[in-house]
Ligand SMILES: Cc1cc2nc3c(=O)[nH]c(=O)nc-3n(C[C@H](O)[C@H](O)[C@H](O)COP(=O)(O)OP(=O)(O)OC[C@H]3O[C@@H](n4cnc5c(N)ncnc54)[C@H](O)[C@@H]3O)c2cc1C
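This document opens with one chain alone, in structure tokens, the form predicted on its own.
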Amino acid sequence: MRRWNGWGDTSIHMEVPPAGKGLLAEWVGEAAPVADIALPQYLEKVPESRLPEHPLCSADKKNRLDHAHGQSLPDWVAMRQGLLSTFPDVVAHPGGAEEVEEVLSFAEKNEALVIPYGGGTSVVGHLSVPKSDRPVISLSLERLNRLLSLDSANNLATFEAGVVGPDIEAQLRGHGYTLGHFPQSFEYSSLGGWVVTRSSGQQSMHYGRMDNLFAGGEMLTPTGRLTMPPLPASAAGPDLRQVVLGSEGRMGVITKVVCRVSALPQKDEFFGMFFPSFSHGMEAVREMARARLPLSMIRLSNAAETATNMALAGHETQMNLLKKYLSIRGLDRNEACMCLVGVIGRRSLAAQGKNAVLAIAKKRRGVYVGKPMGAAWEKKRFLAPYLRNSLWDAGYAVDTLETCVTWDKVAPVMQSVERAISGAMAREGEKAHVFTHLSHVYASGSSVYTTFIWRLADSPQKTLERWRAMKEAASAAIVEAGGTISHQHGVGEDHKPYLPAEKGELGMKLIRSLVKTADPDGRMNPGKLLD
């Protein structure tokens, strides 16, 4: 059963080891749990629906509560501590494109707003319900979950847009194929959600981002149906697929997605290494990225993240042995940086790629620690968000933010973002524990993904104030450095103020005109991406 006020399945729990709790207390201070509002109390807050009955729509209060938020930090504070005050009037559950059209007609007839809802995993405010005199429909795509066709001659698969990650892979792997898109939210996020947020998966270095995997499909808008044929390439004017990618539900509802799929690889393996410093590691991964090796992933943690991962991993005996081994090999345990690499493809090519990686690492004093670390990461690759539940229960909040910059800016941006977050909390008389990794590397640059942990305040409003101060300071540092405000999470509400810095005045006008053409009445997911 899925948690109503946290991440994931209620049967899965990631314990914070005692050593980890001790270090958190040292890093940010002793924390005390805060009281969460109980489900029955929350259901009392859900008002009666303002919409008439419809056979595809549910006014059930629990259903409406579940579809009133995503997984952003403000969402968490709201649902845990009772601040959520706006709810959809109904949740629509169409079973196909025709029924989606029926729901959109129902919305038009009743002058209702529509929020497309995939897996509910947004971390930047895509799913918040606006305060409005107009009623609101949350349009769930949960039942649109089928593989419609698999064209093995052309490596194309057509899915309904509500299908979630595990079901995509289950339906493809029986035929010997994979989409290869594995974001951390893989277990719950949907294909349509990946498209409209320009998602990037953990192994996108090999398979590509959604920009590359999205071959075509259909989107239903208030003004008609947009069909995008899955052409291998086209020079016939602007690519409308690029208009739909990143549209965040503002233009319409994607009902069908044609994906570029790949045959299952012979070899798909991860292994670990450590570098004596972040600069050594960054030079190595930059060379790996430029070498065009058969790699699926490179993930380099800075020293703070390396220490944090080792503290929260448990297995204290194994971690101590690892630290001793690194010390014997000449690495300072306080400066060492962990790096995970994935090789993929035909066995012979993957072996050559691994040898090339190890040769590059050796030049930068990298210490190879083998496949066990890679296997451990792969086993838990989708479980990290569960620590968010455990940390909250212990009195700590955790959030992330990310950007992407050219190689010359990677280290300065990482440092300025971390300083901005720590400085914002220092002004509050508090501390934040901040750490960063590079998880998507390119020939010309890298993503920079930062996590920060801090103590919950004695009131939800104060916790939100602290988060907002850190988020705004970090976002300003990103904008000042010329980085993108989002590499993989999208814009939603949280990043909206910073979008004009990247797009420019004319760029924003063009985006607004596209949205206005598809949705002239401003019905679709208002307040996200654009005001």
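Note that residue numbering follows the sequence shown and begins at 1. Keep in mind the model is a prediction, meaning the values are calculated, not measured.
The form predicted together with the named molecule is left out here; the points below concern that form.
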{"item": "Contact flag, H489 vs the named molecule in the model of the complex, heavy atom cut 4.5 Å", "value": "yes"}
{"item": "Contact of N389 with the named molecule in the model of the complex (heavy atom, 4.5 Å)", "value": "no"}
{"item": "Proximity of G249 to the named molecule in the model of the complex, heavy atoms at 4.5 Å", "value": "yes"}
{"item": "P183 within 4.5 Å of the named molecule in the model of the complex, heavy atoms", "value": "yes"}
{"item": "Heavy atom within 4.5 Å of the named molecule in the model of the complex - residue from G342, G281, G217, G118", "value": "G118"}
{"item": "T306, S200, S447, T451 - the one with a heavy atom within 4.5 Å of the named molecule in the model of the complex", "value": "S200"}
{"item": "Stretch in contact, per heavy atom within 4.5 angstroms of the named molecule in the model of the complex, of 309-317, 103-111, 354-362, 120-128", "value": "120-128"}
{"item": "Heavy atom contacts to the named molecule in the model of the complex at 4.5 Å, residues of 188-202 in sequence order", "value": "S189, S190, G192, G193, W194, V196, T197, S199, S200"}
